[in-house]
Each structure stands twice: as structure tokens, then as C-alpha cells.
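Given next, in C-alpha cells, is a single chain: the form predicted alone.
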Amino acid sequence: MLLLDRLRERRRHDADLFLQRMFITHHPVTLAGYTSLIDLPRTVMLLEQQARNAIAADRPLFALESGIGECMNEPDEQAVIEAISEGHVIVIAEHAGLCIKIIPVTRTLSRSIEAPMTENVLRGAVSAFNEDLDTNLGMLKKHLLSDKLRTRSYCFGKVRRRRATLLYMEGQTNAALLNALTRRIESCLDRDVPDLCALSKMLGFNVWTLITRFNTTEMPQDAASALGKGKAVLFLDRFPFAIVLPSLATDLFASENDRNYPLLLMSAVRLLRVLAVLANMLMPGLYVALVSVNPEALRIELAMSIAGSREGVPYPALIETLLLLLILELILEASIRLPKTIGPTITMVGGIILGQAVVQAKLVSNILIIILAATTIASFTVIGFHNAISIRIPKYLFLVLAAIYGVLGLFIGMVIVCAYLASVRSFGIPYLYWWRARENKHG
């Protein structure tokens, strides 16, 4: 058989590929698959049991109705290798000239369900998605038991194939969003999607953007809530997050977990997040504006206090602020990349010892240390790690404008940022849209 010869030739360069010759009820067959993906002994036992059941039911062994697999019509080497790469076992019946694709007993290659790594929950379910797509689907369906939930499966890429599943609620998901999204996905199935940047390109989003066009969440309840509100959710295999489309401004401040608190407390927490975002973007620029351009706007006591704290600092306020912001960004990056065992130590060294040292060396003022520490903490009060990263960029725009125009520069920066946010759209849906109103209109 020519196909079998080609597989034997391929095995010389692919040590993981097995070709197991055996007999199923006196019929010679060859099994092909990857040893790293398949539990071969248990798969053989399963196959023999299915064959005995087919014979007991007086059904043809190598036919569709036998129930032992799916016949591949005139398969070539590429189709067989793709099926094997997806984790299937190919049964090659030499005497009948048939190839049957069966679902084997797979090896356990995924970690167990654990608590989220980047999102914390105080009240609510703490199980988080992992790298296995089917596990993620099951977890989501546990949180959203509805006959309106629909799924569409895709496989991206030619060289680096990756499974994906799109979920939406029939009758609730915005029809224009769903049509545009599925049309875009189905037209780009030949593209490789190794990361979120490639996914963003595939979906037609500009990669040079300040804000994310989709949210990622580890929490099944948040993904289920997004589906219930009429959004779409995309899962990629080996990616332990749900990708929620589209991303809106309200996603920065509202989480499904908030609803486990009393209404008054929930509103206060969300208002606090709004203030935190404003503080993160405006406070460094406001410090520079009031120190270097508009000191007359301060009370004389406060102006004297700030001037006293900056005594001996050789740099202008802009350079002083940029220097400390750079140090804080380095600490944040280091705390993410370093091993967990030494990460807290480096954070303490960077935050306390280094901070105290730069003040004593007269490189920055005490007040600036307080302002930038508060703004850095404020950036992580928003919902979602992607959103927390996004709001770290605009404060540099405010900083430069404040150094040039003072307080007026902050107003100019706010106009620019608001105009930019108003121009952002995802599949025709504005970033500043209030989603619930749209849900009722199109549901």
C-alpha cells in the first residue's frame, strides 16, 4: 500500500510516529499515531472491544455502521498526517484498502483545574480555565446551562495548526457582530495563530492600538456572563483564557464577581475603579504641571512643601518623573518574569530600598515617590490584565503635554484620549457603547 510506505518513510524522520501492525478479528491492520498523544495499549483494548461488539451485532467490521470510527475517503499522506497530528489514530486495513479514523484513549497532558493566576476572586467560583479546549468548553457549559448556547469549531493555520471554538447565544448575540466575526474567521482559516497579536491581525484589528479590542478572562463565570449579555467568546486550544469579543470601556470597571456584593458596595467599588483610572493617567502629569508650569495654582503652604522636598534635586520635574516611572516599569516587568520564590524579594528591594536610596541621593522628591506608587497601584484596580496594561500608556502623553502646557496640557490630553476612544470600533460596535441598551434592541 503506497500510503503505508510513505508513512514508513516519514517515520525515519519522525521518531514519535508509530506504525503498529496487529489483527482485529483475523483482519490484518496497521495502526498509526503519535506515542506522545495516545495511550496505545488502552486504545488497542478499546478497538478490540468495539470490533467484538460489531461482530456480535452482525455488522460489517470496516463500514460506517460498525461504529469503530470514521472512514476516510481516498486519503492522501497529508490528510492522514493532519488527522494524526490532531490526536487521532488511523487504522489502515490493508486487505480492504481502507483508512479509518478513530478517537483513541489519549494521554493526560493538561494540568488539573486550578485557581486563577492573574485574577483573584473573593466571593464566587475560583476554578479557572486551563490549556485544554474541551475542558474549557465543559467548564463554561457548567456555568451556562442553556439550550441557546451554540458552538462552532475551527482549525487555524497550515504549518502550526490550532483548534478554536466560537461560542454565542442564539437570539441574544448581536447579529451584526456574529456575522462579521464568523465571516472574518472563516476567510482566514489558513493563517497561523500562535499568539494574541496574530489573532488580532487575523480579526482585522490594528495592532498599533492603545487599547485591546478583546478581553481575556480566566474565569468561566465571567465568560458565561459575557455570553449572556450578547457577546461572543472564542477559545483557542492550549490557551488558558477565554477571549471575549468585543471589548468595551465598561469592561474596565465592571466584573461579574461584583454582583456578589451588596448593590451600594458594588457601585462604590466601580466608582473607585473609575477614579483609579483617572488618577493613574493624570496624577504624574498633574505633578509636573503644578511643579514646573503652574505653581501658582497651589496653596502657598503646599507649594512650599513641594519645593522643600525637591531641594537638591538636579533635574527638572519631567526628567525626575520619567526616571522614576522607568524604575517602576522595570520593577513591574521583573516581578512578572522572575520566579515566584524570589519575585517578592526583588519587589521589596526595588520598592523600599531602591526608593529610599533615590530620595537620599536627591534624584527624586519624596512627594513624587508617593504619587507614582499610588498611581501604579491604581492601574491594577481595573478589571482584566489586558486593560491594566492598556491604561499605563496614555499617562506618558499627559506627562509630556503637562510639561509643555501645564494644566492646559492635561485638558488637551483628555480631549485627545476621548476622541481616540470615540473613534475605536470593533466589528462596527463603538468602544464607548453601553452594551445593555444594544442587547435589548437586537436581542
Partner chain sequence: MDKSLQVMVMYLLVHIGLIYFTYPMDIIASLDVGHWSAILLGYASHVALIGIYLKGLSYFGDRSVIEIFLGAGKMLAVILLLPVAIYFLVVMTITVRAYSEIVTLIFLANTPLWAIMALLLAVTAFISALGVEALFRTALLVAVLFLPVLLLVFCLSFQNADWRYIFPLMDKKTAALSFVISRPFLLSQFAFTGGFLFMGFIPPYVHYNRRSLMWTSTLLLPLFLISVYVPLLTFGESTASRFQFPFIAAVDTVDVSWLMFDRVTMFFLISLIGFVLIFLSLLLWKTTLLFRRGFSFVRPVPAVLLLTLVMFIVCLQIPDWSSIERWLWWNSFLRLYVVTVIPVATLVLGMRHVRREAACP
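Positions refer to the first chain, counted from 1. Everything numeric here is computed off the predicted structure, so don't read it as measured data.
In what follows, reference is made to the form predicted in complex with its partner chain, a form of this protein that is not presented.
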Option touching its partner chain, based on a heavy atom within 4.5 Å in the predicted complex, out of 193, 90, 277, 290 | 290
Within 4.5 Å of its partner chain in the predicted complex, heavy atoms considered, which of 353, 264, 302, 117?
-> 302
Applying a 4.5 Å heavy atom distance criterion, does residue 349 contact its partner chain in the predicted complex?
-> no
Any of the heavy atoms of residue 322 lying within 4.5 Å of its partner chain in the predicted complex?
-> no
Any chance residue 17 has a heavy atom within 4.5 Å of its partner chain in the predicted complex?
-> no
Tell me, yes or no, whether residue 418 is in contact with its partner chain in the predicted complex, where a contact means a heavy atom of each within 4.5 Å.
-> yes
Looking at its partner chain in the predicted complex, is some heavy atom of each of 294, 408 and 432 within 4.5 Å of it?
-> yes
Select, from the options 33-41, 49-57, 374-382, 400-408, the stretch whose residues sit within 4.5 angstroms of its partner chain in the predicted complex by heavy atom distance.
-> 400-408
